[in-house]
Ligand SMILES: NC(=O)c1ccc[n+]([C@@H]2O[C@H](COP(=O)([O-])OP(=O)(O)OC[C@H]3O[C@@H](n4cnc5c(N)ncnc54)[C@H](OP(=O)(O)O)[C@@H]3O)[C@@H](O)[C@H]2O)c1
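Below sits a lone chain in structure tokens, taken as the form predicted alone.
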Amino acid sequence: MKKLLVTGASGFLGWNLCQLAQQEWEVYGTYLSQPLAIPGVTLLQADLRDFQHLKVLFQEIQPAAVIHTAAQSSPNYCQTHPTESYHINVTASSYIAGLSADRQIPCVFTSTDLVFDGRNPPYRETDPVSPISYYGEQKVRAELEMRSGHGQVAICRMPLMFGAAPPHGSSFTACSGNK
């Protein structure tokens, strides 16, 4: 079975993707500070901002594909901590694109609809970006870095998502399963 690396497995999207992907892949998920267990998924603590650590991770796993969902996704946090959030939102993304390109494997990058200002929806992927927050700006920069670093990158600009929440996650849109 082919190996899939999912970054940000402790986050909302990564957690859900890990569970779905294991039907067709041997899934490896990363987390930074929120250890968790997903039956059937190998979870690894990783600081994606550390290039050498990330390089070793790629060498050990030998993924056939990568889905990069890890991010500091709180726009308010990014606004008050722009340098810290830049390292995970942009620098780590650039590293992942480069390592994926080196191995000639596909990479999916999850961006956000916050690359737009919200004034002229609905947006097409060819519409000019116009972020109004540091988070949106960082995701635009990450998209550029990913595209320039790897020809097989697919960028998905995710809108508001809802569904089952991971054990350590919280979202006003997440379903707890309780009614």
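Residue numbers run from 1 along the displayed sequence. What you are looking at is a predicted structure, and each value in this text was computed from that prediction instead of being measured.
One more form of this protein exists, namely the form predicted together with the ligand; it is left out here, but the text below deals with it.
(message) Contact check in the model of the complex: W25, T42 and V66 versus the ligand, with a cutoff of 4.5 Å between any heavy atoms. Do all three pass?
(response) Per the other structure, none of W25, T42 and V66 touch the ligand.
(message) The chain here is shown without the ligand. Which stretch in 58 to 66, 29 to 37, 121 to 129, 142 to 150 comes within 4.5 angstroms of it in the model of the complex, by heavy atom distance?
(response) Partner-contacting stretch among the options: 29 to 37.
(request) Report yes if any heavy atom of A97 sits within 4.5 Å of a heavy atom of the ligand in the model of the complex; otherwise report no. (result) No, A97 stays farther than 4.5 Å from the ligand in the model of the complex.
(message) I'd like to know whether I88 contacts the ligand in the model of the complex, with contact meaning heavy atoms within 4.5 angstroms.
(response) Although the ligand is absent here, I88 would touch it in the model of the complex, with heavy atoms inside 4.5 Å.
(message) Test of understanding: in the model of the complex, would C107 fall inside 4.5 Å of the ligand by heavy atoms?
(response) Contact with the ligand, no.
(request) State yes or no: in the model of the complex, is some non-hydrogen atom of C18 no more than 4.5 angstroms from a non-hydrogen atom of the ligand? (result) Flag for C18 set to no.
(request) Note that the ligand is not shown here; using its position in the model of the complex, name the residues of 106 to 130 with a heavy atom within 4.5 Å of it, in sequence order. (result) Contacts from 106 to 130: T110, S111, T112.
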